[in-house]
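We give structure tokens for two forms of one protein chain below, kept apart as structure 1 and structure 2.
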Structure 1
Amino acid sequence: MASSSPQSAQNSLLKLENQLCFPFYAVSRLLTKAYQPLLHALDLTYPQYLVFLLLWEHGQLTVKELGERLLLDSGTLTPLLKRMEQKHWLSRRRDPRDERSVIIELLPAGRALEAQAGQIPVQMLDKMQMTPAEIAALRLTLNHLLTQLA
């Protein structure tokens, strides 16, 4: 009854090597580290790069909209956006039509980074060494988990 007893089954699930969540945690950090040399050339951190992905596409967004899309709250975004403002990449100003909202607008210096970042996605895909089929399957699983957990 060894491996099928409740006690040992429970213990085996409490081993690091049998965890499913730890690889997510580890891969997420390793991916950020893989971005690092590419982003360092642009003086960017990974969360700041994510903000830029949204601003390059939309030009301007409120803090609330950034938070909804990145799943980050103002406690994280406010200081991060202040640092990006100090580098003149974006501007922060209250929405005159609703003074509760803060509009984050891309500035020329921030727009200029888009071209420099153009090669980053392919370089990352190269580092990951995955087949298109693997990538497609992974997208499905990650999207499932996103909707399941969000």
Structure 2
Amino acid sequence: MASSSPQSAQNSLLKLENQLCFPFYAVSRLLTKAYQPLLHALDLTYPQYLVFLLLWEHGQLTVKELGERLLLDSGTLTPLLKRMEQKHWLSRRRDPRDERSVIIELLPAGRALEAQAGQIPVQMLDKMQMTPAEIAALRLTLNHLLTQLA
């Protein structure tokens, strides 16, 4: 039987049940896992879905803008975008006004996925068994925390 030292037993800050990081970690993993079968039906990964959410909203964005919005660096984003380009979902082109900038734009096949993905948020809301108001309040809190940590 393992025994704990009196010092660590007294430090409630080091108890797993008192950590904020663990529920975030566990919920993140489980939430991503819940998305997987829904996205698999569309041949999408979760990061690809996030890119599509922004492109469906804006039509086109630069790699830099995508990275800023998704909190991803270009080293992570570039291979992801290349795979999406190979599937003819989007195009990548240099901005003629600034050769350093790459513009990402939806192609018809990528735009068509929007209609197919339309039920994913509804299905996820059902899985989470939370009201839209509860989701909105949670999102507000999480976005505040994200702003503080970013």
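Please read these numbers as outputs of a predicted model, since none were measured by experiment. For the two forms, the rigid core is made up of the largest set of C-alpha atoms that agree within 1.5 Å on superposition. Numbering for residues begins at 1 and runs along the sequence of structure 1.
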Checklist entry - Here are two forms of the same chain; which is the form predicted together with another copy of the chain? => result 1
Checklist entry - Taking the rigid core as reference, does residue 126 move its C-alpha 2 Å or further between the two structures? => result no
Checklist entry - Comparing between the two structures on the rigid core: C-alpha of residue 136 shifted by 2 Å or more? => result yes
Next on the checklist: With a threshold of 2 Å on the C-alpha, tell me if residue 21 counts as moved between the two structures once the core is superposed.
Outcome noted: no
